[in-house]
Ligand SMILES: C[S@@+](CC[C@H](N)C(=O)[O-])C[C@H]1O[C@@H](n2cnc3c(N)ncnc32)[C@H](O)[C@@H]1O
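Next up is one chain by itself, shown in structure tokens, the form predicted on its own.
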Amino acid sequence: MIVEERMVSFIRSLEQENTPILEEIESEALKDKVPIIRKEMQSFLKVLLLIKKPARILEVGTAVGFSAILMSEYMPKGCIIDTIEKYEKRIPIARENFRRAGKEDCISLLKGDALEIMRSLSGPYDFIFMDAAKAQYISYFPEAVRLLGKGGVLLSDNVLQDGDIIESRFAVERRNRTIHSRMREYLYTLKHDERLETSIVPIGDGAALSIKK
């Protein structure tokens, strides 16, 4: 928890429900212990999409399709979403959820390794949502920047690791040390790449919001 728990509870108490299909999918995901974006990130994402009004969105990390469907409800008419997932078990669930939500025409699920698929894509994308394997963000970074158009937005979720990011690597559990070091490298790269302007926001489990100059 990177924000005081009572504050998080208060903010969440103000939230309105999503559409019925999103509420169903969220409930199913939580029951099956599938991670989806937190309530605070949901609101943040909605506002960003309404401000940016993207024509093309790329999502790295589909899971069961919750965030892609949520984005589809807040993007302009005619916008398309490409979303990447390699975990075989979740791909049919995501596709079924897109069908249930009536979003098959605007959401394309790209099956396979995220880096390989990103290398095969052509930009520009107006908005990229990074929510995949955290240790791989730094590997995806060059392709994400390449694919972004000028003024494009890169939103990276879960970058503060429940507060562990500020700890010494020796204070972090051994199994999490690789993720810890790579995420620190990723955040440093975001903040020091001259092509981007980036703000790191302590919301949910931490978000990095970058815009391509």
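Residue indices: 1-based, along the sequence shown. Model, not experiment: these values are computed from the prediction.
Keep in mind the form predicted together with the ligand is missing from the figure; the text below concerns it.
Participant: Evaluate F141 for contact with the ligand in the predicted complex, applying a 4.5 angstroms cut-off between non-hydrogen atoms, and reply yes or no.
Facilitator: No.
Participant: I'd like to know whether G112 contacts the ligand in the predicted complex, with contact meaning heavy atoms within 4.5 angstroms.
Facilitator: Yes, G112 lies within 4.5 Å of the ligand in the predicted complex.
Participant: Does the 4.5 Å heavy atom contact test between S67 and the ligand in the predicted complex come out positive?
Facilitator: Looking in the predicted complex, residue contacts with the ligand include S67, since a heavy atom lies within 4.5 Å.
Participant: Could you tell me if K103 has a non-hydrogen atom within 4.5 Å of the ligand in the predicted complex?
Facilitator: No.
Participant: Considering the ligand in the predicted complex, which of L147, I36, L155, I179 comes within 4.5 Å of it through any heavy atom?
Facilitator: So the residue touching the ligand in the predicted complex, by this definition, is I36.
Participant: In the predicted complex, does each of G61, I84 and R90 have a heavy atom within 4.5 Å of the ligand?
Facilitator: Yes, because G61, I84 and R90 each have a heavy atom that approaches the ligand to within 4.5 Å in the predicted complex.
Participant: Within 4.5 Å of the ligand in the predicted complex, counting heavy atoms only, one of 48 to 56, 147 to 155, 184 to 192, 28 to 36 shows up; tell me which.
Facilitator: Going by heavy atoms within 4.5 Å, the stretch is 28 to 36.
Participant: Only counting heavy atoms and a 4.5 Å limit, does any residue of 113 to 141 reach the ligand in the predicted complex, and if so which ones?
Facilitator: Contacting residues: D113, A114, F129, D131, A132, A133, Y140.
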